[in-house]
Ligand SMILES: Nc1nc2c(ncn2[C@@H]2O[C@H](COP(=O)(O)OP(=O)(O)OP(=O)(O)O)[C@@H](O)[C@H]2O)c(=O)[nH]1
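Coming up is one lone chain in structure tokens, specifically the form predicted alone.
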Amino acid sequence: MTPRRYVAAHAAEALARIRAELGEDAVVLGSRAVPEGVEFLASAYTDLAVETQEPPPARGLLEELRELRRLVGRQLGGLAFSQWKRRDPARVLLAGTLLQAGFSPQLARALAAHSPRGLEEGEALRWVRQVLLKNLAALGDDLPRPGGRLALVGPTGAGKTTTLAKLAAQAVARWGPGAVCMVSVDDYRVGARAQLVEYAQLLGCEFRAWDSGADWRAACAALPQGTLVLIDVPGHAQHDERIRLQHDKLAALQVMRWLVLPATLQGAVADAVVHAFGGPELAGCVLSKLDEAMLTAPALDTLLRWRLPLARLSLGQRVPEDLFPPRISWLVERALRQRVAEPHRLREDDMFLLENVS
């Protein structure tokens, strides 16, 4: 079949037309500079395969064609990136900065594509900082008040029990020990219940233990009236079916839920955790293990995607000193300063993957 000719102002436009007309498997057979911009010769991969079926091609030939297509695509993608870099250096810098900080390619593409054209380096970074500040939601400094019910949910090892003890200590300091009741439903993890018993004794507040498999309605009805009830539930992996049972029980009692999300999680895992524990139904998020996290951007990326408001920050094990109100500006500055470690860092010759942001 005769190859098709594509002429465009730049490589990205030509490649987009090739993909649209010939499909993702299209093979670029050649390219050259022309007065109008660039010229590509391309053919559908299936057309090439049909032409080579008489005599039937060896398997190795098809593999070589596929590899050639990948190599040519990478080279042309690099050409497109070079043109984009010359045309919009600030957008390239912005996308690269976000990727090196650990933000997802999806967010990096979106922010770079919507950034104002013609910004200098410092202006582009100030612009993205303001966008992040505007879109990251926070619940404010106030604790849930006496009479409310709050459960901390999340994966195993997220820091729920320690966070609950911190919240209880802060609530006792504000309203007194008689206004707080700690409830442990965690009968899976050895020591979790004993830990809360010890904290309750130190704080002088009420403590109750519930069986995770029991009906919680009667136990809830027996709680002291007018107290802030803080509930520690067992942690589960994001694919565990018991999460749904836990959710249904808490919903029936009209218990508000905060997700305790470790800042150490990779972006894809954090996203799966938020989805598993209720996503839009969650009232807030406690970002835990910030003192252990090498990158803050994946967690912020997840909060942005789910529009999940930040309730508290946890930066250590001390009770109650290491639990803080949400500090969005501090988190954004921290995220933009941090960088992905080698060998996971994206090099400039990999940046052609972002050719469509412009």
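In case it trips you up, residue 1 is the first one in the sequence shown, and so on. In this text, all values refer to a predicted model and were calculated from it rather than measured experimentally.
This protein has a second form, the form predicted together with the named molecule, left out of what is shown; the following refers to that one.
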Identify which of 266, 156, 201, 254 has a heavy atom within 4.5 Å of the named molecule in the predicted bound form; exactly one of them does. 156
None of 238, 100, 246, 195 but one has a heavy atom within 4.5 Å of the named molecule in the predicted bound form; the exception is 195
When the named molecule is placed as it is in the predicted bound form, which of 148 to 156, 246 to 254, 124 to 132, 177 to 185 ends up with heavy atoms within 4.5 Å of it? 148 to 156
Please determine whether residue 289 contacts the named molecule in the predicted bound form, using a 4.5 Å cut-off between heavy atoms. yes
Taking heavy atoms and a 4.5 Å cut-off, does residue 309 contact the named molecule in the predicted bound form? no
So in the predicted bound form, does any heavy atom of residue 329 sit within 4.5 Å of the named molecule? no
Should residue 316 be counted as a contact of the named molecule in the predicted bound form, where contact means heavy atoms within 4.5 Å? yes
